[in-house]
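First comes one chain, alone, set out as structure tokens in the form predicted alone.
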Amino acid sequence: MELRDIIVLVKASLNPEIVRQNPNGSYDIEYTPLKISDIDRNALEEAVKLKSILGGKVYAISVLTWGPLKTRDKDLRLAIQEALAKVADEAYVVADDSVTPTDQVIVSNIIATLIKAKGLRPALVLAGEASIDESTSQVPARVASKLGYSYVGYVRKIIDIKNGKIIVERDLEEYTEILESPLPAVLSVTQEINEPRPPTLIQIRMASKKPVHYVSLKDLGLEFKMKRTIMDMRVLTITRKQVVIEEANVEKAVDRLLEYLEKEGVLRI
């Protein structure tokens, strides 16, 4: 049977634009809001194009990483609704406080198990190259390994899909590389792959009618005896020295700036 469906991995990440800080300077994880990870939007945008080529269904899968669920439910729902409004036909969500805060090993295990348990047979699994909160770039590769799929990371362009294979261009920092990979495959995409468009009002309204399946670890037959313990996270506070160089002559002002930077150990002249 020809594989036609697409899965997009969507993460509700800690929002770096709204950081909550405790009085002692520690990072207040529980009350920092979540938002859909930025590069996941690129993955969703690419799924729009690929759906028109493959002709199958698009599924969004999300695992809640940051708890507790009682304070995260609204943010999680908004992330899923955006995926549904953009392109997804259905969504699967795993939100369980027993594994929050969770790590990349557990998340990838849950995703792979869910895909198998629900009988999903995608041609492609798409994900952002990294999340905006932890940026480990591990989950897509781990999911591919657990599913036995091909994996290509840092894809910046999908060139062609034909004869059960996909041809992509990927970014390896110092150079780009064109690869051909058999399907099914897991791809992590970069922000260069496209320019995400916001969903339209009609798409947003239609999203509320699409099915969202909430799945527990018990449903998947999973039980994790350990979860990640975060000992401490601190907000980096930057205090500016507010040095003003009052000098009408530009060259003299530059000389004074260089002298000051040398004194501070920033430059060696």
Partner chain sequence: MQNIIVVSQKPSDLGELIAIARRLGEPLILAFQESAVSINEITGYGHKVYRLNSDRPEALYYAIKSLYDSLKPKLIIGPTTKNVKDALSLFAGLYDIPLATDVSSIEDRGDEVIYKRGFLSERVIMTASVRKPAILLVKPKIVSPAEKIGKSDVIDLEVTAGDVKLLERKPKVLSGIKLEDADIVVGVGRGFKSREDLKLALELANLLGGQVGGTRPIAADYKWLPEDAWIGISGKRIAPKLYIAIGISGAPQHMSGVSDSKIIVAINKDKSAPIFKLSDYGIVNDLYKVLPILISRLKARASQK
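Residue numbers count along the first chain shown, from 1. Superpose the two forms; the largest set of C-alphas matching within 1.5 Å is the rigid core. None of these values were measured; they are calculated from a predicted model.
Keep in mind that the form predicted together with its partner chain is not shown, yet the notes after this line are about it.
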With its partner chain left out here, work out from 77-85, 137-145, 115-123, 90-98 which stretch has heavy atoms within 4.5 Å of it in the predicted bound form.
-> 137-145
Taking heavy atoms and a 4.5 Å cut-off, does residue 52 contact its partner chain in the predicted bound form?
-> no
Counting only non-hydrogen atoms and a 4.5 angstroms cut-off, does residue 213 reach its partner chain in the predicted bound form?
-> no
Report whether the minimum heavy atom distance between residue 71 and its partner chain in the predicted bound form is within 4.5 Å.
-> no
Answer with yes or no whether residue 3 is in contact with its partner chain in the predicted bound form, where contact means some heavy atom within 4.5 Å.
-> no
Those residues of 215-245 with a non-hydrogen atom no more than 4.5 Å from its partner chain in the predicted bound form are 225, 226, 227, 228, 229, 230, 231, 232, 233, 234, 235, 236, 238, 240, 241, 242, 243, 244, 245
Taking the rigid core as the superposition reference, indicate whether the CA of residue 228 shifts 2 angstroms or more between the shown form and the other one.
-> yes
Would the C-alpha of residue 243 be classed as shifted by 2 Å or more between the shown form and the other one after rigid-core alignment?
-> yes
